[in-house]
Ligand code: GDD
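Just one chain follows, in the form predicted alone, and it is written as structure tokens.
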Amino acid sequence: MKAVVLVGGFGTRLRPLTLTSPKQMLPVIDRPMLEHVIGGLGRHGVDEVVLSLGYKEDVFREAYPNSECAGVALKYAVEPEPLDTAGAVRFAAEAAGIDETFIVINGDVFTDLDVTSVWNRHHEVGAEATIALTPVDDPSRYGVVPTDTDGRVLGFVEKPPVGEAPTNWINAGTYVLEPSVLRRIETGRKVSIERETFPAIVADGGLWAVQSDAYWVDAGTPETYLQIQLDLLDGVRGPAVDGISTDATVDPSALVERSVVMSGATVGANAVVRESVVSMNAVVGDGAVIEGSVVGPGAIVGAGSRLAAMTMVGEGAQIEDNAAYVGAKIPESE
């Protein structure tokens, strides 16, 4: 079973963390986000993943020099230019020689979706494409997918105005596709699978959906990047994990509450880390207070400083002693 994982985006919403790393390579508890995603696919029988690469593609190659991730074989397809979602799928699938039914997933989706059930339903109804759906409170940010009672998709409405969505079931970013879908995607230009390809398949009656209320988070924003880690600490997804690495150094007088302190990180005397992430090899100085924020790899937070309200400190950045930041991005980026 083969899958294309889309990881080519710039991750602009997660800057400054993504100034130095693709978002799918950002750490989640103890390993990159990508390893959580591919590990989930592997548990459903996927044995080969094609990474659709673009931004900082070398970071992926360097991380997995043996072309294996979470026990799954990797292939790489590097877009010559951004091709949007459908263009990226076609380019990656053809580069890897995929000529049979395959899976596509967005590389920043954290989910407990039963991929096997989507795969089985796809074959049961003879669909050309089958998409997983998840319910959300505000569907205006997503692709909304109304279906009939059997699950055949009736339409595909990308990001409808607030209050005008026909349903709250949205595209969950996991698809099962027949190779014929690739022939629908024009080459040589950007093509959106949500705005062009799927509506065309709907018109031909070949798009089906599987609804699931399993755990699902689009981890592409600072808030959701923090959420997926706190959910693992809280046991929302399986048994609760310990967020403090055995290779971290936390002073006995420091207070770490509902937070992740990764390998090589240091938390100084009388410091407070609450509902936050302190990444690998970062340093939190004596008496510093970090609440609801993310400190990137190798960053240094000076003694007595205070970070709050989703302050994001990029890789290697330094916060001076006794500084205070609320909702800041350090360094700032456009």
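So that there is no doubt, residue numbering starts at 1 and follows the sequence shown. Everything numeric in this text was worked out from a predicted model, so none of it was measured.
The discussion below concerns the form predicted together with the named molecule, not included here.
Visitor: Would you mind picking out the stretch of 113 to 121, 79 to 87, 229 to 237, 260 to 268 that comes within 4.5 angstroms of the named molecule in the predicted complex, counting non-hydrogen atoms?
Guide: Comparing against the named molecule in the predicted complex, the contact stretch is 79 to 87.
Visitor: Please state whether every one of the three residues 109, 143 and 216 places a non-hydrogen atom within 4.5 angstroms of the named molecule in the predicted complex.
Guide: Answer is yes for this spot.
Visitor: Using a 4.5 angstroms cut-off on non-hydrogen atoms, would residue 314 count as touching the named molecule in the predicted complex?
Guide: The answer is no: residue 314 has no heavy atom within 4.5 Å of the named molecule.
Visitor: Is the gap between residue 53 and the named molecule in the predicted complex 4.5 Å or less for some heavy atom pair?
Guide: Yes, residue 53 sits close enough to the named molecule in the predicted complex that at least one of its heavy atoms falls within 4.5 Å.
Visitor: Taking the named molecule as it sits in the predicted complex, is residue 128 near enough to touch it, meaning that at least one heavy atom pair lies within 4.5 angstroms?
Guide: Result no; residue 128 lies far from the named molecule in the predicted complex.
Visitor: Report yes if any heavy atom of residue 171 sits within 4.5 Å of a heavy atom of the named molecule in the predicted complex; otherwise report no.
Guide: Yes, residue 171 sits close enough to the named molecule in the predicted complex that at least one of its heavy atoms falls within 4.5 Å.
Visitor: Taking only heavy atoms into account, state which residues of 1 to 35 are within 4.5 Å of the named molecule in the predicted complex, ordered by sequence.
Guide: Counting only heavy atoms within 4.5 Å of the named molecule in the predicted complex, the contacting residues of 1 to 35 are 6, 7, 8, 9, 13, 23, 24.
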